[in-house]
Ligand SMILES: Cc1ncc(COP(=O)(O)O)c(C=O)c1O
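The chain below stands alone, shown as structure tokens; this is the form predicted alone.
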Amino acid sequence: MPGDYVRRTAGSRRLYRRASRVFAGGVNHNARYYEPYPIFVSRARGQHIWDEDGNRYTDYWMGHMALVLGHSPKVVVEALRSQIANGTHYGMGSGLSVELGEEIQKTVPCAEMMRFCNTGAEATMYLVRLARGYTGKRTVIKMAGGWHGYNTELNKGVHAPFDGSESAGILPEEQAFVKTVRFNDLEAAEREVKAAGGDAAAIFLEPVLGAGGCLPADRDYLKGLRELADRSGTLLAFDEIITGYRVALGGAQEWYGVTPDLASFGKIAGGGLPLGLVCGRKEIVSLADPTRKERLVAIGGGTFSENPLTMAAGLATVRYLRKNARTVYHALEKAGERTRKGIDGAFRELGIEAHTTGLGSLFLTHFGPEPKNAEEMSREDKRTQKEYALRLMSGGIFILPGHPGGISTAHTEKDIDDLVELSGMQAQYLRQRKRIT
């Protein structure tokens, strides 16, 4: 482990020891742990975070990629300040939730109707129920490497060897009707739909595979899945919790020009506060309507669903993005391309094979051949990838090891130049160590 990291983060090391006596593994989200120990953040503003030792980092993790306007943007802070005076939790609906829902309808192609919840994991769970309730079918086809939150049925096939549950405590029968296929492989999806024998309720995927390597879907692949779903009477569903309001105003479905029947959103749509939502065709989502006489799809809701603070933050964010869509998304796309090409060029100059994948403002650097799916990604040089991220931290740039980065509107051209320059320095180090030839 890089000695600079340990020397710079003594305060985080002490806090991690304390946290380990309180929380399982010292963390409250498994992704936030990395060796030798994670930093603990004391404050954040714009494109920067500061750790407990006072070290400032240019942040590309951006709250699990949930912050497209940067940390504590003025438009969100002002909305929250105003709302706090009017109440932090109503336990009922409000005008804010209606306004946010209307903004989402205006911007997301498939969002004819929706339901708010508190997390992305809830949204994907509800999506599966809606798909099965509407079609009367059981089988859900997901992608190897696809992470859809902690809900029981979809917590499967995320990590190599991509053929089983990701957790103890889940019964085999609870995942018996979830099938995993290779991402970006249309023939594999076709075979699984055929094998289901008319029992396929949904084909469900992230248009950009997140935990599976920040890998964009091929456009023809998504169009092929749309056609396959239509031919087979199966629903096409997108998990846009990462891509929603990041790769385009209307999410990846707008960017690719492929409209799903259902979609899950979260992260950016909540303006930096906890939010999940499931949306889609009206005749499907209306199965959760409690005024219906027929049996309901049990979405129900949570205590904090449509919490007014989240609604205020989300409304401020989505309105800002809609009003400034042309400039925001052009700038994010340009910044993402500059980042991906710059990092790869810095490594290529020294003969190191590295490929930075992503779409729009998303990126992740891989060491080894360029992956097209999670299986290929799982065979890359993980040790070098993690060491690269730690050395970036020692240089004042925060990227969570092994996870995608996200650029915000707060990042500048200089920030990206600094990332590329520091990547070049790491390339020199790796070359000197002869770890990669």
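All residue numbers refer to positions in the sequence shown, first residue = 1. Just so it is clear, the model here is predicted, and its values are computed rather than measured.
What comes next is about the form predicted together with the ligand, which does not appear here.
Q: Report yes if any heavy atom of Gly270 sits within 4.5 Å of a heavy atom of the ligand in the predicted bound form; otherwise report no.
A: Contact check for Gly270: no, nothing within 4.5 Å of the ligand in the predicted bound form.
Q: Since only the chain is shown here, I'm wondering whether Arg246 would be in contact with the ligand in the predicted bound form (any heavy atom pair within 4.5 Å).
A: It does not: once the ligand is placed as it appears in the predicted bound form, Arg246 has no heavy atom within 4.5 Å of it.
Q: Does the ligand come within 4.5 Å of any heavy atom of Val158 in the predicted bound form?
A: Judged by the heavy-atom cut-off of 4.5 Å, Val158 is well away from the ligand in the predicted bound form.
Q: Given that the ligand is not shown alongside this chain, does Leu277 nevertheless sit within 4.5 Å of it in the predicted bound form, heavy atom to heavy atom?
A: The answer is no: Leu277 has no heavy atom within 4.5 Å of the ligand.
Q: Which of 184 to 192, 312 to 320, 361 to 369, 114 to 122 has heavy atoms within 4.5 Å of the ligand in the predicted bound form?
A: Stretch 114 to 122 is the one.
Q: Could you work out which of Gly345, Gly149, Gly133, Gly93 is the residue within 4.5 angstroms of the ligand in the predicted bound form, going by heavy atoms?
A: The residue from Gly345, Gly149, Gly133, Gly93 that makes the contact is Gly149.
Q: Of these, Leu235, Cys110, Ile242, Leu100, which has a heavy atom no more than 4.5 Å from the ligand in the predicted bound form?
A: Of the candidates Leu235, Cys110, Ile242, Leu100, Ile242 is the one lying within 4.5 Å of the ligand in the predicted bound form.
Q: Sequence order please: the residues of 202 to 221 with a heavy atom within 4.5 Å of the ligand in the predicted bound form.
A: Residue within 4.5 Å: Glu206 only.
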